[in-house]
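Let us start with two forms of the same protein chain, each given on its own as structure tokens and named structure 1 and structure 2.
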Structure 1
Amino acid sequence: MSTRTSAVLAALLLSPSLLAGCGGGGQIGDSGGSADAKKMVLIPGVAAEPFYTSMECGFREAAAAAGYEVDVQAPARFESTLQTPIVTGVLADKPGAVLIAPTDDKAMAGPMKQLKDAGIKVVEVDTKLQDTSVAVSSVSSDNEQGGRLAARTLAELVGGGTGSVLVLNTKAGTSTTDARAKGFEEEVGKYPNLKYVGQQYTDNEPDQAASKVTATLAANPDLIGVFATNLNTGEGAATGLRNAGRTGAVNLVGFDASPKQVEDLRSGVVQALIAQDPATIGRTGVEQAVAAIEGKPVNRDVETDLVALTKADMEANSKYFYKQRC
């Protein structure tokens, strides 16, 4: 064997991208060059939101324990037009894996497919694409079940009372909140004392959520319950009810457990919260990414816990409270 041949074989054997491509889930032949298998990037749905901050904490903890260099880049708002350039920039760095919460289940398919085609392992966290061929794994709460849990919790809070109930959603095309609204609508139909008046979109802005509540109260003075499908709609709904002087008279069930929402629950502004476990989503996303990089079996869909918090049991379930910093 010639010296040159030996050198070529040695280079091939030492190539991280080729080693990562061996075994199940490998990407040998993918375009875009080799990826840095020991680097991992998290792209949340939006910056400085306690849910995603808590997810980041779990992500950083698990990635560091596995020996990975990490980076976190988030858009200023939950919009595909702001998330797409972040994906493009990450693509140029070619990390081994990207954990991403796509901000639109259709619009983000193209940018995320570019990651896959470059040999980067893509793991969806929290939200997901309609196209299931892009990510190797999707880790999220069972959001339809969360919506059903919200409906049952609201029915328990109302008891024998009658009246209208409203759902506040974020943006059409957000897989998680659409699933929550769907689960709620299906479950609330089982309670004849509750009249479902539909869902309204808030563009994920608290001030819009507040104004939607105000308008609904004017149109439906018998409003007895509101289900807010995420952190921002919950905080906005609480403001709307406070401004209208209907705090407590209208049962507010929120989704997520930000510090502000937890305080609102403690003070009686919110009657219940459906809390997720974002830190576990982040940790599990890392586990799936590492398995994909190493060619080990990967779970295509992973669901994490949800719990209904009320003022009576919130302190016993404080592990579900979200963080503002790691």
Structure 2
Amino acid sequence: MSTRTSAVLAALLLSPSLLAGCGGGGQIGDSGGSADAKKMVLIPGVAAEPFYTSMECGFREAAAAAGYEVDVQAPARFESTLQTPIVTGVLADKPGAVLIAPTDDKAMAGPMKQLKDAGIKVVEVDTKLQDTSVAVSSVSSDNEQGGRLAARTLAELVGGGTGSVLVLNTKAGTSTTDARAKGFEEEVGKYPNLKYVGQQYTDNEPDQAASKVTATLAANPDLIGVFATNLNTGEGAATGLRNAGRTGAVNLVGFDASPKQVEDLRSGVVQALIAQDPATIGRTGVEQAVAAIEGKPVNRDVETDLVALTKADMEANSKYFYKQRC
């Protein structure tokens, strides 16, 4: 090694500014640059789903009213591998705040922590990380309450009838639908006329949901109610009941209120829908982000209301229908 190289190395090692700047090991995305505080980005769980579109509408409206520039970047599918590059892309842009629906409660912790470390205020909307130290605030529906509401609604629809009830879940380990199923299971136990036959997983595939409904009908001919915990299970359940000729005879309670589901409620394919309030989630997320940027007090956890829609009262509650576009 030449003396010149050694001198350079020594200078590098001793350079106090470099040591202070890096503090030893660095992380991707550490590079400087200051945040554009007047900009806010929403990263939904998946592109162009009516639920997230309605959230986006609330987000855009509230952010514009607060004088913020907005951007929305959604992954094509609800997957952490697709959402991570979006997060790192947004990181390079350095907005003042990011509203994000993490697609995985653990895998998204790393990328989201990079946002936080870069001085960007992170607000979780709809879903959340297990690590509660990353976000300044989490705004979501109380999914367990939604499940309980579904059980109560089903009991009302059934009236005095007796029979078996089934829950169609998506994939094991999906926190939102698991919470809905859990709430339903707890509440349905209070109604002795409803016999809970357990939940079935469907991999979020409508054809599996249809098959599990007809299989349950074969095993339990007294099936009187089905709680489908999301859009795909609801569509599959409706198909299964239609094939069995039991549409309407078996009460189907769906979750969410996208246009197709609302149409199905109107035409009697579905008997009730448990609707979230995504627009309010988006608006509240903006409020919390603005408060965090301005250094005002922030609510760590905000839960928005859910509402049960039945054919009888649906038109009065049309503000809860999800939108395809703003």
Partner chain sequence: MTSLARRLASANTLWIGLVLLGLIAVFGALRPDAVLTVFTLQTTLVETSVLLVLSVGMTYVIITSGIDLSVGSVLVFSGVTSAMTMNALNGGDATGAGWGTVLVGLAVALLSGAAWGLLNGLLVARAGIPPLIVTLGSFGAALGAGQLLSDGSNVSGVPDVLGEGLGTGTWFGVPNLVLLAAAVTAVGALVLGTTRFGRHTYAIGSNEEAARRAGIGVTGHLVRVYLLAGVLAGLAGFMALAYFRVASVTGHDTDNLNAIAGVVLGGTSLFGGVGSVVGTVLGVFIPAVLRKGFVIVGVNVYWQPIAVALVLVAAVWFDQSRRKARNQR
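Bear in mind that the values here come from a model prediction, so they are computed numbers and not experimental data. All residue numbers here follow the sequence of structure 1, with the first residue given the number 1. We call the rigid core whatever largest set of C-alpha positions still superposes within 1.5 Å between the two forms.
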key: Between structure 1 and structure 2, the form predicted on its own   = 1
query = Rigid core fitted, then: does D105 show a CA shift of 2 angstroms or greater between the two structures?
reply = no
request  = Tell me, please, whether between the two structures the C-alpha of P85 is shifted by 2 Å or more, with the rigid core used for superposition.
outcome  = no
inquiry  = V139: after superposing the rigid core, is there a C-alpha shift of 2 Å or more between the two structures?
reply    = no
task = With the core fitted, just quote the Cα shift at L223 between the two structures, in angstrom to one decimal.
result = 3.9
